[in-house]
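Just so you know, structure 1 and structure 2 below are the same protein chain in two forms, each on its own as structure tokens.
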Structure 1
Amino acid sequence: MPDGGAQSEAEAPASKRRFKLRWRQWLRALHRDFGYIAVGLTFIYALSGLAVNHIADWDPSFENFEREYVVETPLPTDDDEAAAVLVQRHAGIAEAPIDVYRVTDDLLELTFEHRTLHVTLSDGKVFEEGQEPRVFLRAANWLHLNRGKKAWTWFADGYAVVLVFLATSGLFMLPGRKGLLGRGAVLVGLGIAIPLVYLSYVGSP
């Protein structure tokens, strides 16, 4: 009859191997699923980050435009009445002007939040200048910079926690020389060194 103690000792290494394999499988599964969840937000934050990083070179939320066209004349001689007619005939304006200003006897200026109309009353010529929103980027920037506050703060915090989990779980997914004890340690060290070297070069804030 085999000795029970010897049998349990022989089974112990196999049990440990099964445990190690099992927790790595769970870690990979969680890393995969949380990675899928984070895909949408990662695209938003990455594209918005690229746009906002170059804010000195362009407006990441709005695009400047200029247009010239002619409206039907005659226009009312009263400034407010002329402004009301112009707004009524402009398909892209659904708001009242912030300011109506008579520049000269024949030139009327209407100021809106994101555009200005320069109107020659005698012939109906309109020079329009302003900004139009970059639809996707403006929304992405709004979310990235947490302009809305409120509930989005909790979503942003949750996303940050998910990123921390993905970074941490990624450290332990591979065993051996390709993992944290080998090649992985070199790459992790490189990633940590990049901001430190940059700060030492340009000076810390």
Structure 2
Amino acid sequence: MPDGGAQSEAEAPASKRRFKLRWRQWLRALHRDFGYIAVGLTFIYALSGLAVNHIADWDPSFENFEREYVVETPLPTDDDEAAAVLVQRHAGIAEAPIDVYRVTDDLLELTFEHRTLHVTLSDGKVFEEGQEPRVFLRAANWLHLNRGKKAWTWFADGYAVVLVFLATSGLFMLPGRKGLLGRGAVLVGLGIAIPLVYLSYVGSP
């Protein structure tokens, strides 16, 4: 030892015990604190994962709508802005359009932030379609799919590393029969077996 002292036989088991206690305490503290940090991102990724997993059944980012109705005619065919004002008045839409566009002689298109009105000028038929964002899920999906790129890639990578740490540290949290030498081993085995059985059943990619 650097200080010149020698460890007695009686002291050794005690210091080993202290080390054993200490590393598990550290592990528990780190697991706890990283776990707290991971809560927010886990909710984002888990809820978005559920939403996007079922993308064939619903639109996870928007609520879509469409309807057809007829507004009073005649509508001016030589003044698009005036026609747009009349259509909006009949349809009860107060919001100012982003664009008013004459697609063909008889078809006028009014674009709003979340909806578009396709108006047939001759008979006043309106086909309205649009989508309202699902506020939380749209943002969560955007993050989960990393559509924005840039710095989020770093946060997402960091979160993945934290998850690996949480899973690994969780293995060694408990000593004894409920730990990795008992029930823990069975459950870990089950968790590994599920994807393996699935892959062997449906075939690998």
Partner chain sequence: MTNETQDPDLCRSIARRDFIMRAASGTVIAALGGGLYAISDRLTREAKAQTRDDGRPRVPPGQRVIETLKPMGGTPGDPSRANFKLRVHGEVKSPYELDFAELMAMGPVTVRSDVHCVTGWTMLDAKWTGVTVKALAERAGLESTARHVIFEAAAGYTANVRLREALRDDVMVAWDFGGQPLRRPHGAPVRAVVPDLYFWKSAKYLTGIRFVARDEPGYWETRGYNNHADPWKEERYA
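Bear in mind the structure is a predicted one, so any value in this text is a computation, not a measurement. Here the rigid core means the biggest group of C-alpha atoms that line up within 1.5 Å when the two forms are laid on top of each other. Reference numbering: structure 1, starting with residue 1.
- Here the form predicted in complex with its partner chain appears as structure 2, and structure 1 shows the other form of the same chain.
- Core-superposed comparison between structures 1 and 2: the CA of L117 stays below a 2 Å shift.
- Once the cores line up, the CA of R67 ends up 2 angstroms or more apart between structures 1 and 2.
- With the core held fixed, H90 shows a CA shift of 2 Å or greater between structures 1 and 2.
- Core superposition places the C-alpha of F127 4.7 Å apart between structures 1 and 2.
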